[in-house]
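Okay, so here's just one chain, in structure tokens, the form predicted on its own.
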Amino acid sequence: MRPSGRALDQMREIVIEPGFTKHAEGSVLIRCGDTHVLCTASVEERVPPFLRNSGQGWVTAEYGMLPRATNTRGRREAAAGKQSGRTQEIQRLIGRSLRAGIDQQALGERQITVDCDVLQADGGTRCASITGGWVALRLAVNALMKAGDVITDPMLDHVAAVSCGIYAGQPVLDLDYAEDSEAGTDGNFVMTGAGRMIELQASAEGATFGQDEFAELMRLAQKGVDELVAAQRAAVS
């Protein structure tokens, strides 16, 4: 029995609320169970120096957790004067994942920054950030196309992410914190709507795992991503 009472292949409840903030070109609040992340996409008519005069756009991401997103208060990274290694690793993952789903040439020479701020954490914050970040990016691109600034839709496919792992000896879908903290194997699966792989992160944290178990994790991940993509479609329809 999972701590939440969910079935082995059951996702937490997914809620994506578009247009959550007023000023950003694209914004959503995504809730995956008790993990809540605010994702905003901001358009700037500039690109990093290495892309100047290339005609190519850029998508990047930043990630952070509010001090009381967890059960104890965490110090603001701004107060420490630097980002943690974990924060840097996660925001790079988000940026890589979102760029895999967009034609940067069709975007034109502009940058879209997707900010992912964790309001409440209960496991899977990077996956929720990628899934919600894609919706915010989609909404920002819609605004550019409506204004006539982008002619050809640069969005190639949906991008979504889900965690899977082996908890109490069983492969399970969409780990919450209680499971993630005790999982023998923990993995994050980033995929397109068509089921193509973008990035897989999996490690044996308490026990090694075999090919058959990994195949089951892949099956669960595909099921989870299919449900997340359906939620994304509903949010932008």
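Throughout, we count residues from 1 along the sequence that is shown. These numbers were taken from a predicted model, which means no experiment stands behind them.
What follows is about the form predicted in complex with another copy of the chain, which we do not show.
**Q** Glu182 near another copy of the chain in the predicted complex, any heavy atom under 4.5 Å?
**A** Taking the distances in the predicted complex, the answer for Glu182 is no, it never comes within 4.5 Å of another copy of the chain.
**Q** Would you please decide whether Thr152 lies within 4.5 angstroms of another copy of the chain in the predicted complex, comparing each non-hydrogen atom pair?
**A** Answer no; every heavy atom of Thr152 is more than 4.5 Å from another copy of the chain in the predicted complex.
**Q** Considering non-hydrogen atoms and a 4.5 Å limit, does another copy of the chain approach Lys82 in the predicted complex?
**A** Within the cut-off, so yes.
**Q** Does Leu38 reach another copy of the chain in the predicted complex if we count a contact as any heavy atom within 4.5 Å?
**A** Judged by the heavy-atom cut-off of 4.5 Å, Leu38 is in contact with another copy of the chain in the predicted complex.
**Q** Please state whether every one of the three residues Ile30, Lys146 and Gln170 places a non-hydrogen atom within 4.5 angstroms of another copy of the chain in the predicted complex.
**A** No.
**Q** At 4.5 Å, heavy atom to heavy atom, what parts of 74-113 sit next to another copy of the chain in the predicted complex? List them in sequence order, or say none.
**A** If the 4.5 Å heavy-atom criterion is applied to another copy of the chain in the predicted complex, 74-113 yields Arg76, Glu77, Ala78, Ala79, Gly81, Lys82, Gln83, Ser84, Gly85, Arg86, Gln88, Glu89, Arg92, Arg96, Thr113.
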